[in-house]
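Next up: a single chain in structure tokens, the form predicted on its own.
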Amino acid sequence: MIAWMQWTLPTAIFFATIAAILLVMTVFEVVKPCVERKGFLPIATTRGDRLFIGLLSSAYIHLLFLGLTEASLWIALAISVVWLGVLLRWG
């Protein structure tokens, strides 16, 4: 069924991490529902909205690193983690 994809260990870890984040956010939303709030983003967002924006922008950060620099992707990962933290906290 999914034999078309090359499942390497890093790929499996990536998708498992995304699934775990979604599961934790779902449980957290059930336990402590959030309300929309407006931070530095120009729109009112919920916790899930900020997570989605953070994951999407992290993908763009990695693509920019791949396309524009020869630097290690570990740097892009560090920038993405900091950006996601800032976005979830103050976004």
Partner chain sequence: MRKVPNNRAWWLVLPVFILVAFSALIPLMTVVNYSVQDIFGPNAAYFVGTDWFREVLRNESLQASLGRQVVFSAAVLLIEIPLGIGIALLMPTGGKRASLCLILLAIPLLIPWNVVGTIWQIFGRGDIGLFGRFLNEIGINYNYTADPVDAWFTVLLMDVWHWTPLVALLCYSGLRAIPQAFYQAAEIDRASRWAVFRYIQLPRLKSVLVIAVLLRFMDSFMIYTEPFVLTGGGPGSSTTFLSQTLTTMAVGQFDIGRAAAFSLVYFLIVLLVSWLFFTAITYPDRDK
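Bear in mind the structure is a predicted one, so any value in this text is a computation, not a measurement. Positions refer to the first chain, counted from 1.
Another form exists, predicted in complex with the partner chain; not displayed. Remarks below refer to it.
Heavy atom of Trp7 within 4.5 Å of the partner chain in the predicted bound form: Yes, Trp7 lies within 4.5 Å of the partner chain in the predicted bound form.
Does the 4.5 Å heavy atom contact test between Thr69 and the partner chain in the predicted bound form come out positive? Yes, Thr69 lies within 4.5 Å of the partner chain in the predicted bound form.
Hey, in the predicted bound form, is Leu73 touching the partner chain, heavy atoms inside 4.5 Å? Residue-level check for Leu73: yes, a contact with the partner chain.
Considering only heavy atoms, tell me if Thr11 and the partner chain come within 4.5 Å of each other in the predicted bound form. Looking in the predicted bound form, residue contacts with the partner chain include Thr11, since a heavy atom lies within 4.5 Å.
Which of the residues spanning 41-59 lie within 4.5 Å of the partner chain in the predicted bound form, based on heavy atoms? The stretch 41-59, when checked against the partner chain in the predicted bound form, contributes Ile43, Ala44, Asp49, Phe52, Ile53, Leu56, Ala59 at the 4.5 Å heavy-atom cut-off.
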